[in-house]
Ligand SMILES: O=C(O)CCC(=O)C(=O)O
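First comes one chain, alone, set out as structure tokens in the form predicted alone.
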Amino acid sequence: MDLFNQQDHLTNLLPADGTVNYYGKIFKPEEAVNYFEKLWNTIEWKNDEALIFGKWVITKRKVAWYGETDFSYTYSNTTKQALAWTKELLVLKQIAEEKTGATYNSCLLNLYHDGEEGVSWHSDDEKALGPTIACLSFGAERKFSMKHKQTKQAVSILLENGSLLLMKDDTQLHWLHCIPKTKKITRPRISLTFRTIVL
């Protein structure tokens, strides 16, 4: 089955106003473990910072921002400068591009040490971002939830180790998403969200 037929057969997880496709596990278990360890040890992780309700917050969750050039990316009133691609990130970017049929020039990575760390409801709707985001997950399986901004209809899926999720079209305009916190998860997870900065 070629790439375009594969995409045509993917189910849209959203009932309306956007497109979210879940490809499931695209890496073998040993490949997923290897990539997790490489990313854990080679990425320049830093605690995330954000201005939330007027209060400056430093999260336990760590992040990193990489790209083709030293793109600046601003969210939650903080600005990050992109680092140069690592060897592993370039390989994973190519895999994401081949699977999704899109191209990406940057990647925001998140490191959740356990289920006590998550991300609250938000949309990746900054003007500098294109509408297509590919998310690779390595490590602990975590729940990914989405909620329509107007109807409040909710959709959730479990992101598996070595899996790929794609958000595109008007998803960021109409839907919020989050990684809920849970005390049941004791293992770490790394997510890679490949994006396109619009110059």
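Being a predicted model, the structure only gives us computed values, none of them experimental. All residue numbers refer to positions in the sequence shown, first residue = 1.
A second form of this protein, the form predicted together with the named molecule, is not displayed here; the remarks below concern that form.
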**Report entry** Partner proximity in the model of the complex: Asp124 to the named molecule, non-hydrogen atom cutoff 4.5 Å
**Finding:** yes
Query raised in the report: With a 4.5 Å heavy atom cut-off, would you call Ile179 a contact of the named molecule in the model of the complex?
Result: yes
Query raised in the report: Taking heavy atoms and a 4.5 Å cut-off, does Leu108 contact the named molecule in the model of the complex?
Result: yes
Query raised in the report: Counting only non-hydrogen atoms and a 4.5 angstroms cut-off, does Leu159 reach the named molecule in the model of the complex?
Result: yes
**Report entry** Check all three, Tyr112, Val119 and Ser191, heavy atom within 4.5 Å of the named molecule in the model of the complex
**Finding:** yes
Report task. Heavy atom within 4.5 Å of the named molecule in the model of the complex: which of Trp65, Phe27, Phe36, Phe144 fits that? Just give me the one. Result -> Phe144
Report summary line: The listed residue (Cys135, Ile43, Ala140, Ala32) that reaches within 4.5 Å of the named molecule in the model of the complex by any heavy atom is Cys135
